[in-house]
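Next up is one chain by itself, shown in structure tokens, the form predicted alone.
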């Protein structure tokens, strides 16, 4: 056992604001992916083989015709490229910035089979959508004649916005009920600031709403200001894009003391902060988790001026849900990653965290994770929990749709729940917890809602 186990090496808490200069904050939270200019975009586009039955399209949850939009870029039709993208994925601008393309379209690129780098599909997608949004004639969508149908959408995240936009195209009137002061969901509140800078998330929301027929009511929380039962009475159909409101706990004594924080809450505070120098930042940081949220908080807290940042994960690197690119980014930002580490005890002095004790982990003969009995301690001024989020079903009330065994809303292939006239999509349902997957789910449900209204299957 480590001789430091049970007691942190240093009990002096060092948390303060303004660790960096204004220029350092600007540099650290600027755009991590400088956009391609016109010439480089054409050069990159010409690397594409424009495959028939392209594997990159099959790898995209929204089935964007990737070879088609890239070909349009190569011929100078950048607006047309953006149209191809947005017709399949209305949030293609955000997805170009936040999608794990290294595990989706770019991983499927046939150039990988030739020991070459894949075509930079994500950057080309951003090039096209940015070009369109900068134009005066940016709006490429129109509404069909009014149907007189009213649809309620709960949640203004990617799933809800995608659903609302498709329904608006179909001529319906949509009211989105959103608890927060801004629309956008995770793109606005939960993505690392250096991935979606310059208020892009809100500019994309504005573009979506500019089609017309969509009204957003903020400060409306399901289970409080509104109920599912009442929405079902007042609207012709309801879509639930609730996301994941719960945060998994460590299950350790003392995890609610000062200095132990939820990563998602701090990321939201960082995303909404007008002045990042006012955020409290410890000198020694420990992040617990192995997903992209853990990576996001670790990198951002380092870029806020933390001196020593360690990410601890209970299993091996091959089990981390964070992508290889995210892990490499963490390491290039001087974040230390320690695997096979089970959190066992939170250490504190005067009601504030000062460290955390870990037990080394291993897999037993049956493949089950077990502790070795040996421990080590990391001193910490702040500890961030990033071990996953959960769906909170209580706001659905007594008249709730059925849930899956994993506790999320059960849906069929069209997003229909067990309740007539109620659809759902995005992170509140099972599947990939990705922006692009949420957009696909929202759009799929919208198309099903329109079909059901036409066929008068309910209501």
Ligand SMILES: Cc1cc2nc3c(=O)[nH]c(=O)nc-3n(C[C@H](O)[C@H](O)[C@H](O)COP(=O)(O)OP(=O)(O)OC[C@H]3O[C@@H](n4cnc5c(N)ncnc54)[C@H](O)[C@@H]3O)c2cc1C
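Numbering follows the first chain given and starts at 1. Remember, predicted model here, so these are calculated numbers, not experimental data.
Below: the form predicted in complex with this ligand, not depicted.
Open item on the list: Is residue 180 near this ligand? Define near as a heavy atom within 4.5 Å, in the predicted bound form.
Closed with: Residue-level check for residue 180: yes, a contact with this ligand.
Open item on the list: Quick check on residue 290: any heavy atom within 4.5 Å of this ligand in the predicted bound form?
Closed with: Because no heavy atom of residue 290 falls inside 4.5 Å of this ligand in the predicted bound form, the answer is no.
TODO: Examine residue 232 and determine whether its closest non-hydrogen atom to this ligand in the predicted bound form is within 4.5 angstroms.
DONE: Answer no; every heavy atom of residue 232 is more than 4.5 Å from this ligand in the predicted bound form.
Open item on the list: Can you tell me if residue 93 lies within 4.5 angstroms of this ligand in the predicted bound form, counting non-hydrogen atoms only?
Closed with: Because no heavy atom of residue 93 falls inside 4.5 Å of this ligand in the predicted bound form, the answer is no.
Task: Segment that reaches this ligand in the predicted bound form - one of 357-365, 188-196, 281-289, 79-87, heavy atoms within 4.5 Å - done: In the other structure, the partner sits against 188-196.
Open item on the list: I need to confirm a contact call. Of 343, 379, 305, 243, which residue comes within 4.5 Å of this ligand in the predicted bound form, counting heavy atoms only?
Closed with: After the contact test, the surviving option is 243.
TODO: Heavy atom within 4.5 Å of this ligand in the predicted bound form: which of 123, 310, 166, 389 fits that? Just give me the one.
DONE: Filtering the options by heavy-atom distance leaves 389.
Open item on the list: Using a 4.5 Å heavy atom cutoff, which residues in 142-179 contact this ligand in the predicted bound form? It's fine if the answer is none.
Closed with: Contacting residues: 154, 155, 156, 157, 158, 159, 160, 177, 178, 179.
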